[in-house]
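Shown below, as structure tokens, is a lone chain in the form predicted alone; questions about how it binds or moves come after it.
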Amino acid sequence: MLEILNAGTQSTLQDIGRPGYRHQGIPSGGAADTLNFALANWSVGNPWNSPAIECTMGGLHVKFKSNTVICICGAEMWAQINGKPLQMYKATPVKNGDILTLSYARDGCRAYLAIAGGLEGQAFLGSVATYLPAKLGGINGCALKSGDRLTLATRPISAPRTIPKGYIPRLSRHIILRVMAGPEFKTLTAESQRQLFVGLFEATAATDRMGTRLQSATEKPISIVPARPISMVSGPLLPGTLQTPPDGHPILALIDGHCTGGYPRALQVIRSDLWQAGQIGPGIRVSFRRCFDTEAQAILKGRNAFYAKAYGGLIEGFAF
């Protein structure tokens, strides 16, 4: 097993989540950044969807109770084993008694700690993903805390693998998301529509796995408002849906976001960019770039082919 010495800002046990239950009010959940989650698992020889630790903003300290292999992918956090630097995106052996420490995130928001064989958790609807609002999955449905002990799973594993050069995702403190127009996009003023694509936004402190409230990151305030008062019945939301409440400050739904909402849905992040949305934390700047349905499909197809070729098909079943 491994012991949590310090859980940092927020660390949870995550897997690929619970897709297929949104009609019952249960978000899919799971890893907020599926790309880095998959790469961490692939590197240590796990199936790509094996449970791993998602560390938000950093500060995680872990003590290993047995010899194993680990890999950390995602947000840039200074990682050390017993005080010695640990290279991210590289499978690394650790020994019984070794202590891993992560500093606080510099670029990005979330990093994934994968361990050979994966980790055990409490399953709900076939997933151990932690969903904090309803206290489902993980360890008693809660964020990890000091003193928690996680059991290493005994899933079949392959030999550790090396991520091909040039295929490590780039993260920064300015995330550009490609989007399509949402169902209520045309209800916005012409200036609001324009500002969504030329404006620069910043994630406020009101940011977590459910969503992020954005504010203007420029000297001239940006307010996204409808052309006329709009009354609408609550409609379905997805991760990556941008809503525009009456105060003019957009809300971007993230992986644990509500399944329905009553604010106009202005934009929808395309599927191949959702992993980047999972790296949004307070202070991260966000821009939107418009694309259309046929473009989104081509981008998704190309991205999946790109990674399938790089890893020789070894990340079986993975797709954005």
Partner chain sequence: MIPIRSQTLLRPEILPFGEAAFLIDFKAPHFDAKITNHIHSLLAQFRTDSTCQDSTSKNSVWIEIVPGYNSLLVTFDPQTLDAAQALTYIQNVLRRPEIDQLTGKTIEIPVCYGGTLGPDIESVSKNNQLTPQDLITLHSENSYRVCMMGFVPGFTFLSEAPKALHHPRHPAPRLKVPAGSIGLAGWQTGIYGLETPGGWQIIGRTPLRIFDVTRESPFLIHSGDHVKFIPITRKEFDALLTSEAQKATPHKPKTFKQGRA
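Residue numbers count along the first chain shown, from 1. What you see is a predicted model; the values in this text were computed from it and never measured.
As for the form predicted together with the partner chain, it is not shown, yet the points below apply to it.
Colleague: Within 4.5 Å of the partner chain in the predicted bound form, heavy atoms considered, which of L200, I99, L238, A143?
Modeller: Flagged contact: L238.
Colleague: Pick from N82, T154, T218, Q87: which has a non-hydrogen atom within 4.5 Å of the partner chain in the predicted bound form?
Modeller: Looking at the other structure, the residue within range turns out to be T154.
Colleague: Answer with yes or no whether K186 is in contact with the partner chain in the predicted bound form, where contact means some heavy atom within 4.5 Å.
Modeller: Flag for K186 set to yes.
Colleague: Does V69 reach the partner chain in the predicted bound form if we count a contact as any heavy atom within 4.5 Å?
Modeller: V69: no contact with the partner chain in the predicted bound form.
Colleague: Could you tell me if T9 has a non-hydrogen atom within 4.5 Å of the partner chain in the predicted bound form?
Modeller: Judged by the heavy-atom cut-off of 4.5 Å, T9 is well away from the partner chain in the predicted bound form.
Colleague: Indicate whether the partner chain has at least one heavy atom within 4.5 Å of a heavy atom of I284 in the predicted bound form.
Modeller: No, I284 is distant from the partner.
Colleague: In terms of non-hydrogen atoms within 4.5 angstroms, which of the given stretches 22-30, 276-284, 247-255, 53-61 touches the partner chain in the predicted bound form?
Modeller: Residues of 22-30 come within 4.5 Å of the partner.
Colleague: Just to make sure I understand: among 39-65, which residues lie within 4.5 Å of the partner chain in the predicted bound form, judging by heavy atoms?
Modeller: Those in contact are P47, W48, N49, S50, P51.
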